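Consider the single chain below, provided in C-alpha cells and representing the form predicted alone.
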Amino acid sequence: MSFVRSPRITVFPDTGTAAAVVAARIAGALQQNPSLVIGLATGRTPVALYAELARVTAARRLDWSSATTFNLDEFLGVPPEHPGSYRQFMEGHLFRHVNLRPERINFLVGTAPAEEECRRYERAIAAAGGIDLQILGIGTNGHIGFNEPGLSLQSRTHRVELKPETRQSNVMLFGGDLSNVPAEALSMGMATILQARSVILLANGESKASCVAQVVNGPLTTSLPASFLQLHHDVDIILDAAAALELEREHRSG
C-alpha cells in the first residue's frame, strides 16, 4: 500500500518484505554507482535490512570495494572494540559480510576528544562529496540518529545527552544493565542528515505507529526531530503494517 504525498510512504505487510525492498534499492544504487556514499543507521530497526543486504551481496556478488560509508552515531566514551559499541554492531551485522575497504568505513570514535571528533567527521563527509543515500531508523520519541527531542536541534555533528528512553532502547548492547549504557553520544546533526541526496527511513512495529503519523502529518517541531524530514526533497518512508496503523486509520477516516 502506498500513500501519495511527500515524503513518499510505502507500507509492506511485514518487516522482512520491507527490508528486502530497501536492500534491493541499495543494491541497485551500488551497481549503478560503485562509488556510492551511504549513510548507515544502527539499532533494532535495520537488523533485518543488513541481513538481507548480506544475502543479496552474496547472491549477486555485489562489489562494495569503491563504496564509502558513514554511520550516524556512536556512544561517548565507548571504544570501537567494545562489544556494546555501534562499530561492533555494524561489524557483526554488515561490515564482515561485504567487501568494504576499511579505509572507506567512516565512524565516529567515542573515545576521541568530542568537539574535535565532531569537526573531523564533518570534514570527512565533505571530503567524500556528501552522502548519496542515507538510511535512517526512528526512535519511539521521534529521534533520528541521536538527535533527541528538545527546545532546539544541533545542525552539525555534535555531542548529545541521551534521553532515558533512548538509553533503555540500547540496554541489551550493555548486558541488560541500564547503568552501563552511556549517558552521552556523538551524532550527525539534522542539517548533515538533510543534506544527503536521498533518504530512506525504516520503521517497524506498533510502538512506532503514533510517532510515524506525527512525522508525516504533524508540524515541524524540535520535539519530534524526524518531522524535519518533511523539508527534504527525496524521502521514502518504508513501513511494515504495524508501524502504519495510525496512518491507515487517518487515511480511512479522511
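Note that the structure is a prediction, hence the values are computed from the model and not measured. Residues carry their position along the shown sequence, with the first being 1.
Heads up, the form predicted in complex with a small molecule isn't pictured, but that's what we're talking about next.
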Heavy atom contact within 4.5 Å of the small molecule in the model of the complex, the stretch among 76-84, 96-104, 139-147, 156-164:
139-147
May I ask you to state whether Arg55 is within 4.5 Å of the small molecule in the model of the complex, using heavy atom distances?
no
Quick check on Thr45: any heavy atom within 4.5 Å of the small molecule in the model of the complex?
yes
